[in-house]
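Quick heads-up: it's one chain on its own, the form predicted alone, in structure tokens.
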């Protein structure tokens, strides 16, 4: 039987420097270029491999500003069949609880589904909470650090990699898998696929009018996380000192001397 696969992706700031709104404690996205969360591309690749092996349809879901449509066009270009952009000002400022709740309600509207696939974590927050929380809202089995998946007689056989172990689990469908980062090589975009995003109506935009959630359960109002103090990225001035010699021993001595001068190194 063909699989109905849903893969969730996040549109994240393409920068290591994140600015925080001091009043709300949320990310300031204005003026910051964004990309698909790189670890979510591993999730997309796994979904597409399952589709190629067993047949079916892959739907991408992203809760993000309208600019994320570019990211959804990219995964359509990879081979995803359909995309849902969940975008509304009332969803803004959501923490992991409100985000996972919203995603779960969107996914419920896409039933029936067989396998949900998420990336391991995101580069802007690295909480790794969304997959587990979404599975909890949906009351489906959840497995993380997944590196390989098979679908045998209606059962998902998933292999996950831990630090010193390889484990194999069998899960009923529907289930949710979080793919280990760098567990595969995401495929490039094909022009023929990407043209579908431009010429066919494969990307749908859902506001809260379509999802129908109570305001107190979503966005900033539905987020119990409280940021008591904003994290400030310290500014570290660079002295732009450079050793121009060729001798390795002299270079090491020069570096150690500079570190001692700056109190960056203590000789015990």
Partner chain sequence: MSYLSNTKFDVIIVGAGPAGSTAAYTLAKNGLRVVVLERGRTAGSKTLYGGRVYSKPLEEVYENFRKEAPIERWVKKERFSFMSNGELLTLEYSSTDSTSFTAYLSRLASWMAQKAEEAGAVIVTDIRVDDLYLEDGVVKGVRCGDEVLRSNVVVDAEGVNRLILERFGMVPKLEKRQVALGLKQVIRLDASKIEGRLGLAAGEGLAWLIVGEATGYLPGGSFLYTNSSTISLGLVVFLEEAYQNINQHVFNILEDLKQKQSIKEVIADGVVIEYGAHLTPEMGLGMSPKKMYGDGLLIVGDAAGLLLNLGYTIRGVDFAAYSGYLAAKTILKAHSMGSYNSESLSFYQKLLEESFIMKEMKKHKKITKLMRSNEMFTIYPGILLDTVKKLFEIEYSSPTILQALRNSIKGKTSLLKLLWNIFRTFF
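Bear in mind the structure is a predicted one, so any value in this text is a computation, not a measurement. Numbering follows the first chain given and starts at 1.
What comes next is about the form predicted in complex with the partner chain, which does not appear here.
The partner chain is not drawn, but in the predicted complex it has a heavy atom within 4.5 Å of residue 192. At the 4.5 Å threshold, heavy atoms of residue 74 reach the partner chain in the predicted complex. The closest heavy atom approach of residue 89 to the partner chain in the predicted complex falls outside 4.5 Å. Contact check for residue 198: a non-hydrogen atom falls within 4.5 Å of the partner chain in the predicted complex.
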